[in-house]
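Taking the form predicted alone, here's one chain by itself in structure tokens.
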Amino acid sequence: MTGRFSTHIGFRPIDPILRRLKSLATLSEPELSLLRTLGERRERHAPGEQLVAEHAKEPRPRFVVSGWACRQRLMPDGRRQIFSLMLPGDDLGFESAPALASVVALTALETVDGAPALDAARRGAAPGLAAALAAAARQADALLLDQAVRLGRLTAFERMAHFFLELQHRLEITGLGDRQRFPLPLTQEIMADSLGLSIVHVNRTLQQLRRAGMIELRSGVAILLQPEAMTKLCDYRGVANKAA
């Protein structure tokens, strides 16, 4: 799912985690070494597999190495609201128990055990890592606020532009995208559940963005043709990375 963006020389499966956490705080060499050891044993998950159950009392702390997942809630009639997407480099199960939402794999997924990193941070043995994890939690809160604004105040056209800008930003940080291109392994159904739109409305909005010359979609890759115009259109503000 990372395609051309992760095939450069020297790229390792653990790199998205290292890049994201290094963008959030300064990590010492022992802390980086600890994180590198996590990548030695990866766990594979199939699309649709539940990684964290809603109300789970002790969710397993893990990092996403590859693939995409989502934090979601299902309604009794089968409707779904996706609160946030979990991309390579993201952590899951680190929040205070019980879990407030379920986490489900959207694509084939690989994770690594995050318990050693979380334990070292909590014991005070890895202050840089503790700062990075705290910053990651604040960033997750900021992304939820952005999602609330998207769903509550933006038009469908603006929502889609804001959504794509967020994905580009997050994937560039982890080395899985650049300033314009990034992998997009999402069906229109998943985008609909993320943006509070029908599948028909998603399809129509994508066509509008194409006609406006703002995006191009090619074989699972999104290309932002006018990122500056899109930023102004939807008041995209990005997400602060460094810990305060």
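Since this is a predicted model, take the numbers as computed values, not measurements. Sequential numbering from 1, following the sequence displayed.
Quick note: we don't show the form predicted in complex with a further copy of the same chain, though the next part is all about it.
Using a 4.5 Å heavy atom cutoff, R73, P98 and D193 all lie near a further copy of the same chain in the model of the complex. Under a 4.5 angstroms non-hydrogen atom cutoff, a further copy of the same chain in the model of the complex has R153 among its neighbouring residues. By the criterion of a heavy atom within 4.5 Å, E54 is counted among the residues contacting a further copy of the same chain in the model of the complex. Contact annotation for R79: at least one heavy atom lies within 4.5 Å of a further copy of the same chain in the model of the complex. Among residues of the shown chain, D113 is not one whose heavy atoms approach a further copy of the same chain to within 4.5 Å in the model of the complex.
Heavy atoms within 4.5 Å of a further copy of the same chain in the model of the complex belong, among the stretches 85 to 93, 145 to 153, 124 to 132, 166 to 174, to residues of 145 to 153.
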